[in-house]
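Form predicted alone, single chain, as structure tokens, below.
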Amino acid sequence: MARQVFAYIIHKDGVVDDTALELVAAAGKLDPDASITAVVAGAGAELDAVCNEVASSFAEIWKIDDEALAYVNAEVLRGMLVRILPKGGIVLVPHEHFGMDLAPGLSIKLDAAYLPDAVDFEGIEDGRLKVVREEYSGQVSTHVLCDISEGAVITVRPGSFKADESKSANGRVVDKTAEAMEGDLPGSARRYLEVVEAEIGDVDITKSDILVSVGRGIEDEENLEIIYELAEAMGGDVSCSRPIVDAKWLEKSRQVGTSGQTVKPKVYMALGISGTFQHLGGIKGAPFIVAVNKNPKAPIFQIADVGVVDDMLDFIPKLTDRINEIKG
């Protein structure tokens, strides 16, 4: 009997998050023979658009459609999901702010194992899943055995699995609204107020095709000049990791990460950035990543397309000169 794997789909304004296709790949790595079902919650036409898009990647889509979910509340949603998810299933959730809110309590309600922030799966033996996690900001990989015999809720780190873009499923949408909302709705101590959009500075890095991003490896504010010179040579914009904003060397609007901006460039230069999951969580769309760091064990090298182990203060001026030479 094929194992049942459910992928909770994050979306906003009718647009499916990139993590949806990553969860397809993650489920396939977890169990190649698994039956994978997408679970989508929301309201109205936006939800229908999401379901139609997701149908190209999942064989079946379960939707919960109600105005109470126009802005999804994890407390309310948990009570709904426990009514439709079967015992013993595996639930994959993106390890981002909403997923981290939803998943722990959901595992309790399902009486299932909970494992956060998985970056890889290495097979199942005797009902136990071998999971890879990262500790100490990615400096150490840990291998965990998770008992999934009674089901599990697992959060998957965004960017850890290469998105499955085959999109050949032609999936079937199943309306689970009535079942999910049968009886009294779960209560919640929270209520939605408003969405406060992040301020856009002099440059909107969310629309940049090329980003030259700098981290604590720059050492001094005065050294930012070489970053701007490289960005100009490449025809890109300057962005940064959180330490640069904390030091007040660049404005918050240029920060990439879960507590900053979410970007989808074609090329991403990570200069002196270690590559914590908080930073990588803000990078979407599978850009071509070039990493420069003098620490050969920096986590950023695990996802970089090209890695350079060198002092960025020595390497970047040479790279800028070479680009300018090629441009003539």
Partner chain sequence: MEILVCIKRAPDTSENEIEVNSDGTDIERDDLVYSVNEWDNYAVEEAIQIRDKIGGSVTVVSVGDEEAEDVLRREMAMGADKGILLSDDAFEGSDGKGIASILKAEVEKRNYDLILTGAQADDGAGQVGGILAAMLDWPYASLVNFLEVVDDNKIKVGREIAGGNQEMNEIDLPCVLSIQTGINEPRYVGIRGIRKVASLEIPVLGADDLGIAPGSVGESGAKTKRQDYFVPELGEGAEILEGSTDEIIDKLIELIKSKGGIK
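Everything quoted here is computed from the prediction, not taken from an experiment. Rigid core: the largest C-alpha set superposing within 1.5 Å between the two forms. Positions refer to the first chain, counted from 1.
Unshown form predicted in complex with its partner chain; subsequent notes refer to it.
Within 4.5 Å of its partner chain in the model of the complex, a heavy atom is found for none of 89, 275 and 284. Proximity to its partner chain in the model of the complex, defined as a heavy atom within 4.5 Å, holds among 85, 238, 115, 93 only for 115. Interface residue among 146, 124, 169, 173 relative to its partner chain in the model of the complex, by the heavy atom within 4.5 Å criterion: 146. Residue contact with its partner chain in the model of the complex: residue 190 places a heavy atom within 4.5 Å of it. At a distance threshold of 4.5 angstroms between non-hydrogen atoms, residue 233 is in contact with its partner chain in the model of the complex. Not displayed here, its partner chain is approached by residue 104 to within 4.5 Å at the level of heavy atoms in the model of the complex. Using a 4.5 Å cutoff between non-hydrogen atoms, residue 224 does not count as a contact of its partner chain in the model of the complex. Taking a 4.5 Å heavy atom cutoff to its partner chain in the model of the complex, the contacting residues in 120-135 are 130, 132, 133, 134, 135. Taking 2 Å as the criterion, residue 221 counts as shifted between the shown form and the other one: its C-alpha moves by at least this amount when the rigid core is aligned. Relative to the superposed core, residue 308 undergoes a Cα shift of 2 Å or more between the shown form and the other one. Relative to the superposed rigid core, the position of the CA of residue 207 differs between the shown form and the other one by 2 Å or more. Three angstroms is the minimum change: in the model of the complex, the CA atoms of residue 288 and residue 27 sit farther apart than in this structure, by 3 Å or more.
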